[in-house]
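We begin with a single chain expressed as structure tokens, specifically the form predicted on its own.
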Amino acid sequence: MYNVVEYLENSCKKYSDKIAVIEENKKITYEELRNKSQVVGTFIGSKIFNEPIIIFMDKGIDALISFLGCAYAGCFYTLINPELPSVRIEHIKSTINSKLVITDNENENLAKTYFKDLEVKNINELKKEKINLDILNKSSLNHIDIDPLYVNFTSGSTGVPKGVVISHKSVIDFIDEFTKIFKFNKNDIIANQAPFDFDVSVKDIYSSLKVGATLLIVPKKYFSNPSLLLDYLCDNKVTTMTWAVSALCLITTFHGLDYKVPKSIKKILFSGEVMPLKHLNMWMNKLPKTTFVNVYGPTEITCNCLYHIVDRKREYKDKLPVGVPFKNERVFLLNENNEIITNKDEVGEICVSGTCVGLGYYNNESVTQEHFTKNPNNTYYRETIYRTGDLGYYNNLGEMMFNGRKDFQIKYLGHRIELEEIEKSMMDIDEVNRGCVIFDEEKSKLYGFYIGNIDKKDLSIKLKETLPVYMVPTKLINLDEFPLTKNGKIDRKKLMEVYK
């Protein structure tokens, strides 16, 4: 198998009339999904091959058709959420350097404004075209499994987003093992929480296609109303949730499970942040027969590289392990001297090798070389590893434990964020003389400290012009001066002690 569309083809043969995807009041069968994806693939394949396509729309059935159309054509996709600030959209556009944009009715006018120098096509017009198997077969013959499937943009330490390139092979190898370990099957109703530009959604989409399950797309608006959200999960008899920790905690924070319990759920997998044990226990108490799994891994290694199935009989003192590696993924720790760590409790950087490792950062060779490096302990041939920047250690059972970050990158609200990017956006505002952003992991709260002549409300409004909402600090504090360390650096520890 060398193209993810084979998941769709295989499930279509077995379950052609089965509902493949539900999007609120819309539904599409496997056969309809295949046919419409092939139509879009025909259009794309008639023009280009192995090039990036911008998908400019929110998550939904049409976005999924667009993704699969790109795969049929031997091209790869980048989804841009239309709600992103214009500065971020412009950066992604200039980095990805695409010739073609696919959008929908709701966002067509905006797309033509942002991408006036590119070819912009409405998905609804493309779906009216006809399938040309000659074009699709030609694309298939020229495609290989290490060709890219998608580019997802994450926050960047240089103050700009980085586009992570992931191949078909990486996704196929991961999804085959992921669905096997956690026993995904055709009877599953998989509730998609994550945006389609966030790699948690990769597990939802391709696990569904692999086993012939039904993908239930949960509308974003429901996450501001836990009662509606729980009604939606219960009404659709959801069996599987692969969600960000923050989304699960949203329900328990507002005591949603006291209103209604989605008893059909058989497995809940969570990632993105450290799961607070008190919130996990609330879920486990309400769902005594459900399997809970902590999964770990950055976007650069194709979703996840470690997992831990929660043992209800085990007492977890302060936090869950991130666990053991998935099959065919080598996960290890390196100390500051690049020596492999095997002793328990010794902290080192989490590093990963295997087919899961991405192809690098799109159009960004210098940063790629910093993070996708040669294994320093293999001197005989080039073994590429990804250095996560996360710290870990082994517990008494040999399980990996997460121990924070090496740098200023954090995991917040299910997203991976570079604090330096937020600081750069603050400093780009004329009225701000200096800025510093700190993450309080215990309270899961972003603090923004600044020196300048702008009030907090106006600063927040200006930051939202360049940053996604989740990257804007929840608390902004105006200072006359920053406390400094003896080396002349901002004393972040003292800032938190004084203003926390």
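None of these values were measured; they are calculated from a predicted model. All residue numbers refer to positions in the sequence shown, first residue = 1.
Not on display, but discussed next: the form predicted in complex with a small molecule.
Just one of 188, 421, 204, 199 comes within 4.5 Å of the small molecule in the predicted complex, counting any heavy atom, and that one is 199. Site annotation in the predicted complex: the residue of 162, 411, 210, 168 reaching within 4.5 Å of the small molecule with a heavy atom is 411. Listed stretches are 288-296, 310-318, 114-122, 80-88; the contact stretch with the small molecule in the predicted complex is 288-296, by a heavy atom cutoff of 4.5 Å.
Though the partner is left out of this view, residue 108 does not reach within 4.5 Å of the small molecule in the predicted complex, counting heavy atoms only. Residue contact check for residue 390: one or more of its heavy atoms lie within 4.5 Å of the small molecule in the predicted complex.
In the predicted complex, the small molecule sits within 4.5 Å of a heavy atom belonging to residue 322. Looking at residue 272, you'd find a heavy atom of it within 4.5 angstroms of the small molecule in the predicted complex.
Site residues 402, 405 and 416 are all in contact with the small molecule in the predicted complex, judged by any heavy atom within 4.5 Å.
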